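Take a look at this one chain, the form predicted on its own, written out in structure tokens.
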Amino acid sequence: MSFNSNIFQDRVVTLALTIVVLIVVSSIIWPQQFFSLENLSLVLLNLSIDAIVAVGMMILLISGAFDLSVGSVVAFAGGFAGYLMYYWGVYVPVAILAALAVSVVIGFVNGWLVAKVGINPLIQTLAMMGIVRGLALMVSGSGIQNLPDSFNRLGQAQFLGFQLPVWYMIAIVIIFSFLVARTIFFRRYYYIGGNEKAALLSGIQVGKMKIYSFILMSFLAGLAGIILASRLGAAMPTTGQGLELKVITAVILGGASLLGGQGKIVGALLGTLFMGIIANIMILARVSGYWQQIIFGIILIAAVAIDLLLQKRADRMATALVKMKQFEKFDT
């Protein structure tokens, strides 16, 4: 197989090249609007929340699962922290820790019911999405504003020309890129997603690992919700609507598979970057909001279709390789 074909079979590399082409073309079409530090910082700021959630979703998809409740957790965590600070006068660090703790509990419930009771992740997290969204409406009402300045600064302060959420995103991507690539604990998720029964027979505690992955997913979603509330200076119950589908689309584009067993954290970042650039291009092109939703839906279908086609191709190649080895053994 040639060097070029190897490159284009790597979906992370292909996506990175696609992003470069998008940036070049957009810079030519909108030289002043698109290719500017102000627009770049805005794109990164808008996708920072999605990217933080996408890191957790990538790990879940590597293990062969996914979570549809993340958007609701984003809204609830920000709303719960805002409720504690605004109505109860709780100190900012305590409110943040409490919101993260509640997010972890949500993740634990999801993971326990999926791993121990055997509920399908689609059904479980879809039900949890409705439950947590209802809790977000209860604590946030029509919205909580006038949050403490010390809390707002966590999402509104700037460093080197970018708001802090961008730096949070970069830090989380770097940390989990190292953990997933280098630590035994996170490498186990590839074995679980690749062949759960074989992972179980090899001594991996699959049930516990699944619970941990759902806890991590909800923790990152809760953290993203707190950062978003801080950035907006308000906790709104409607935040995070549709986030789960955007994140799943971005992660699949970034190299994850619905069948599990593959993906890289940098792919999650590139997938969200691709979605963010597409959204920015549609705004510059003055595409209607209705059409934007349609286009993102088409991208999701295309991403899943590409994933399935690549999986079928990989299965055919594996089958052909096995037959070749059997033939060579017979021939000798």
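Think of the rigid core as the biggest set of C-alphas that the two forms share within 1.5 Å after superposition. Quick note: we count residues from 1 along the sequence shown, nothing fancier. Predicted, not measured: the structure shown is a model, and the values here were computed from it.
Heads up, the form predicted together with a further copy of the same chain isn't pictured, but that's what we're talking about next.
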Does a further copy of the same chain get within 4.5 angstroms of any non-hydrogen atom of L160 in the predicted complex? no
Would I28 count as touching a further copy of the same chain in the predicted complex under a 4.5 Å heavy atom rule? no
Against a further copy of the same chain in the predicted complex, would L308 count as a contact residue? Criterion: heavy atoms within 4.5 Å. yes
Residue contact check: N120 to a further copy of the same chain in the predicted complex, 4.5 Å heavy atom: yes
Report whether all of I131, L137 and I248 sit within 4.5 Å of a further copy of the same chain in the predicted complex, measuring from non-hydrogen atoms. yes
So which of L258, A101, I170, V94 reaches within 4.5 angstroms of a further copy of the same chain in the predicted complex, heavy atom to heavy atom? L258
Between I226, I106, L220, I252, only one gets a heavy atom within 4.5 angstroms of a further copy of the same chain in the predicted complex; which residue is that? I252
Along 275-309, which positions have a non-hydrogen atom within 4.5 Å of a further copy of the same chain in the predicted complex? Y290, W291, Q293, I294, G297, I298, L300, I301, V304, A305, L308
Large Cα shift (2 Å or above) at A303 between this form and the one not shown, core-fitted: yes
Hey, the CA atoms of A303 and V20 end up closer or farther in the predicted complex than in the shown form, with the change being 3 Å or more? closer
Against the displayed form, I295 vs F66 by Cα, in the predicted complex, with 3 angstroms or more change: pair is farther
